[in-house]
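One chain comes next, on its own, written as structure tokens: the form predicted on its own.
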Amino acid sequence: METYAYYADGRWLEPAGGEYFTSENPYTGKTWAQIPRCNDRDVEIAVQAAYRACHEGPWARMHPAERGTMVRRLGDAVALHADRLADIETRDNGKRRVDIHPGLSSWLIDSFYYYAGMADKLEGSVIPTGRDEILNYTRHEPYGVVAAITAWNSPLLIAIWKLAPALAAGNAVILKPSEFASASTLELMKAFEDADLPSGVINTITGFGAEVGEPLVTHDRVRKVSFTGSVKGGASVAGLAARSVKSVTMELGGKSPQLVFDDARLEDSVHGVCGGIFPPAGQSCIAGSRLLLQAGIYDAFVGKLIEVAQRARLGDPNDPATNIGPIANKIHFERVLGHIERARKSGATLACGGNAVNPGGAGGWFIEPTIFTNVAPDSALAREEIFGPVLAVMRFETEDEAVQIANDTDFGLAAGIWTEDHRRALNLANRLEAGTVYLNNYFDACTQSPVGGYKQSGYGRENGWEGMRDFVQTKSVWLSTARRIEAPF
């Protein structure tokens, strides 16, 4: 049994209330770690430390280029500890190790390097006012203390997406990971000790929403909130932040459509559709959980899709041969099974999967890749985010009908289009209401490209220049060069 402390002000601290909660390994279902159950007193320690770092310590006085050098050292630290970080995240939330380590050793590290290079390039502008005696210019300044609340499905990835630009912009950050997957974020703090950042620049507190999340978001010295999670959780955070008019970035849920036309390459599109939902067990905000098939290829496509899905290997997320890992926690496992049971009774056809399984007798929380056909576009199966390995298949005849079905949702995070007609692909990309549109591919991402949603999938952007701008506020400065000011009356 591993027992963690939380990290604030450059120190490892025991929770003020002396309480802990447990983490279970999703592959085995067994408890393996104790996580600090922090409260408002711990929040106060972290916030005050971050505030001092922003306004009094060396971080506040540091030249942007020097700050960029320190952010780059964070990337070096992640590279050095990538094996350990991957091991802990796999044990903590069941994510396949092959989905973690390549990222840690490549583009997630590159997030720090990318934003490190951007730290001294946040340039303001001189505004043409039309008045020779007036100089007006802008400058970009950090918010100060940033609360970064992350989700349980990809804790390290989401934390790094927030940390790198926030720090490069000059903020100090308090991370609050999900209570369902906190260990890898605490391990990240251990790795960051090698980077020797000033105390208080990065802090991590763990615990539950009402006990930690609410006092963090409502604290008067927190001026920016970046949240990744469910729509319900995001609405709650936004409401709390609105009490003191804080800036908020939201990356929320999705019910992303994949549109496959009759001219698409069958095998490639089948593989793309499967890859867009099943390998992470559907536990991705951008998972392509709605499949829209043109009528002429419907039967052939579904047949091939079932064939591919049924040969997927479920098992140990540490095994490179595993195709699909477990559901990340027991509560969500039962929630997904409940969605499947309601879908069975809704009139849709269960074409594949739908059962809980126990590969290798490990005792963890596994659900077969599940495909429902003949799904009504207005059904709960087609409209509610399940966040599990469940694919809802629908039929369309024309492009206009496909767009209407795809956009008829409260969400707008991502969409995929499979067609050999590039004119059609580009036209439809403009018509789909989604923050990311994939053409003949799915699930790609990189540090340089912004990520974010339309509608209830959120607002604001992470990654790219847009991700950096979300962590700064713009000041307009007016200077008069006139020798004297005329009397107003």
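Start at 1 with the first residue shown and count on from there. Just so it is clear, the structure is predicted and the values come from calculations on it, not from any experiment.
Absent from the display: the form predicted together with nicotinamide-adenine-dinucleotide (NAD). The rest refers to it.
Stretch-level contact check against nicotinamide-adenine-dinucleotide (NAD) in the model of the complex with heavy atoms at 4.5 Å: of 340 to 348, 176 to 184, 121 to 129, 79 to 87, the positive one is 176 to 184. Taken together, 209, 233 and 252 are fully in contact with nicotinamide-adenine-dinucleotide (NAD) in the model of the complex: each brings a heavy atom within 4.5 Å. The single contact residue among 160, 277, 151, 145, judged by any heavy atom lying within 4.5 Å of nicotinamide-adenine-dinucleotide (NAD) in the model of the complex, is 151. Out of the listed residues 415, 188, 74, 237, 237 is the one that sits within 4.5 Å of nicotinamide-adenine-dinucleotide (NAD) in the model of the complex by at least one heavy atom.
nicotinamide-adenine-dinucleotide (NAD) is not shown here, and in the model of the complex it never comes within 4.5 Å of any heavy atom of residue 316.
The shortest heavy atom separation between residue 368 and nicotinamide-adenine-dinucleotide (NAD) in the model of the complex exceeds 4.5 Å.
Within 4.5 Å of some heavy atom of nicotinamide-adenine-dinucleotide (NAD) in the model of the complex lies at least one heavy atom of residue 227.
Although the partner is absent here, residue 217 lies within 4.5 Å of nicotinamide-adenine-dinucleotide (NAD) in the model of the complex, judged by heavy atoms. Residues from 360 to 398 that approach nicotinamide-adenine-dinucleotide (NAD) in the model of the complex with a non-hydrogen atom closer than or equal to 4.5 Å are 385, 387, in the order they occur in the chain.
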